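The chain that follows stands alone, in the form predicted alone, written as structure tokens.
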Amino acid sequence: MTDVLVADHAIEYTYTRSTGPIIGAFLAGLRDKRFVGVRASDGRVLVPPAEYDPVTSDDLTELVDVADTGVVTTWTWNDDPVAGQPFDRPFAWALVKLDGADTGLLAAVDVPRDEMRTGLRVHARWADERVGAITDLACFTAGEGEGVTQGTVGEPVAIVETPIRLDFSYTPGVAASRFLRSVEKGEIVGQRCPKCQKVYVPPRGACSMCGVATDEELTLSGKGTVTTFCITNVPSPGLDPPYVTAWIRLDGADITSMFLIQECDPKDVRLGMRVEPVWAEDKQPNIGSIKYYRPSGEPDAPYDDYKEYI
């Protein structure tokens, strides 16, 4: 039985955006322990506020204070919280219609499972340190709060930075797992279509042209030809500009693969350049085991060898 790989991955970055006068006022209100909505053309008070009228699409400008108390209109229970959520123990997500508002605000509700219900009266629990972000609202909890806080909203929040993270597990499948296992051993293997004889590297398990399984494996030398490339002048994590990424047709393959080109001046990289892989000392079953490609010192490939891959 083939040992299929599974790897845990995370995509994480900070999202920065300007807020505008309406959302900025809403966030400023949270910073001051109060809820601010906006009145729509049909008289409804929207919380959280919208910048444009949902009926007419006109700009909305009339800010309205609403209470820090409300009622749960619908909810779901979260038995298994993940990192970054309000609690590390089970809790409820709910839409809460605040007193004075006509729409629901999504937030965590901190009550025991057997007390959670639609129609539950709740009030806001605020974070101890507030910065003008949605996380200033720690959660809602059962009971009554302070009611409506009125007055002038403080300086609107102009910019927000929101950390975003997605954790996921990736299973490459049987064919790709075989390829990655070969890379771990310092080899590059492909698979040939038994019908059209096209060689796929990395292998896909089936031919995209014929739709048949590609069971025949073959080991390639690893050398290849640059078919097209890009010089990047913007910094990337772990890479100082300028650096070169290239689509390389490996010898014996019928599709191209993308790798870094190093150990040469970026301006010397060219179509037809012959290149060879540089392997990491500590090879793992991932494509990072090939650190980059470098010029092999061989004469450039004839144009006819790679013209269909440009």
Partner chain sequence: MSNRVAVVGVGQTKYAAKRQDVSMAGLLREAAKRALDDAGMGWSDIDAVVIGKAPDMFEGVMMPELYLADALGAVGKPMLRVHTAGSVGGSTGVMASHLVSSGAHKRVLVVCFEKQSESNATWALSIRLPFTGGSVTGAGGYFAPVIRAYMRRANAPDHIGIKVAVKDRLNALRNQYAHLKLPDISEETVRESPMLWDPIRYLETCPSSDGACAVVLADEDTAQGTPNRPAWILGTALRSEPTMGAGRDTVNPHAGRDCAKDVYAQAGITDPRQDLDCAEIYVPFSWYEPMWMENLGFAEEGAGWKMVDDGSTSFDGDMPINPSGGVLSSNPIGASGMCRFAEAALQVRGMAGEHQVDGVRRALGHAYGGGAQFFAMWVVGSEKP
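As the structure is a prediction and not an experimental result, all values here were calculated from the model. Residue numbers count along the first chain shown, from 1.
A second form of this protein, the form predicted together with the partner chain, is not displayed here; the remarks below concern that form.
- Comparing 238-246, 61-69, 31-39, 274-282 against the partner chain in the predicted bound form, the single stretch with non-hydrogen atoms within 4.5 angstroms of it is 238-246.
- Though the partner is left out of this view, Lys198 does reach within 4.5 Å of the partner chain in the predicted bound form, counting heavy atoms only.
- In the predicted bound form, the partner chain lies within 4.5 Å of some heavy atom of Pro172.
- When the partner chain is considered in the predicted bound form, Val111 lies well away from it, no heavy atom lying within 4.5 Å.
- At least one heavy atom of Cys230 is located within 4.5 Å of the partner chain in the predicted bound form.
- In the predicted bound form, Trp247, Asp254, Ile255, Thr256, Met258, Leu260, Leu271 are the residues of 246-271 with at least one heavy atom within 4.5 Å of the partner chain, listed from first to last.
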